[in-house]
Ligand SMILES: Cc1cc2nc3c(=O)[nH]c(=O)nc-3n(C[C@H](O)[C@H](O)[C@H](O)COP(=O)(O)O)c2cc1C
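In structure tokens, the next block holds one chain alone, the form predicted alone.
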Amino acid sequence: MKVAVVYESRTGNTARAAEMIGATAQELGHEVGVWPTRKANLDFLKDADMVFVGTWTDGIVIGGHRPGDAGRLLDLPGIWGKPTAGFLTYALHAGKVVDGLADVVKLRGGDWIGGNVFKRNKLPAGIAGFVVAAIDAAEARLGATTDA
């Protein structure tokens, strides 16, 4: 599969998570491209079979959590019908920020297959399992078969 990873990062933590996600997908044998949203390779994104979209968690400690730089994510070209998984990094508490990212992905036409949050000081904990599950879900949506 051709896998695109696009992200917004304020302090570098989401960029690190995006690179880890891309590296894991590549280790699984997929063709991968990783870019910040404003530098995304639009031809690669157009041809991608699945997309990972990531950003950081904005909000105060006890509430108001939302995807950081959601406006930039909304500037992404349409990802119509592409299986799309979301990821977010956070410092203290992520709340229900995954739901907000799901809304952004759906507004861009992505076929939401789920998301996950990653504590910025615990990277890469959980990345590999997330990538495997997301790729499996994308392959199921695309009707693809995998060679185990």
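In this text, residue numbers run from 1 along the sequence as written. Note that the structure is predicted; figures quoted are calculated from it, not measured.
The form predicted together with the ligand exists for this protein as well; it is not shown, and the discussion that follows is about that form.
This chain appears without its partner; in the model of the complex, the one residue of A137, A23, A15, A128 with a heavy atom within 4.5 Å of the ligand is A15. You can rule out all but one of 100-108, 83-91, 39-47, 25-33: in the model of the complex, only 83-91 has residues with a heavy atom within 4.5 Å of the ligand. The closest heavy atom approach of G59 to the ligand in the model of the complex falls within 4.5 Å.
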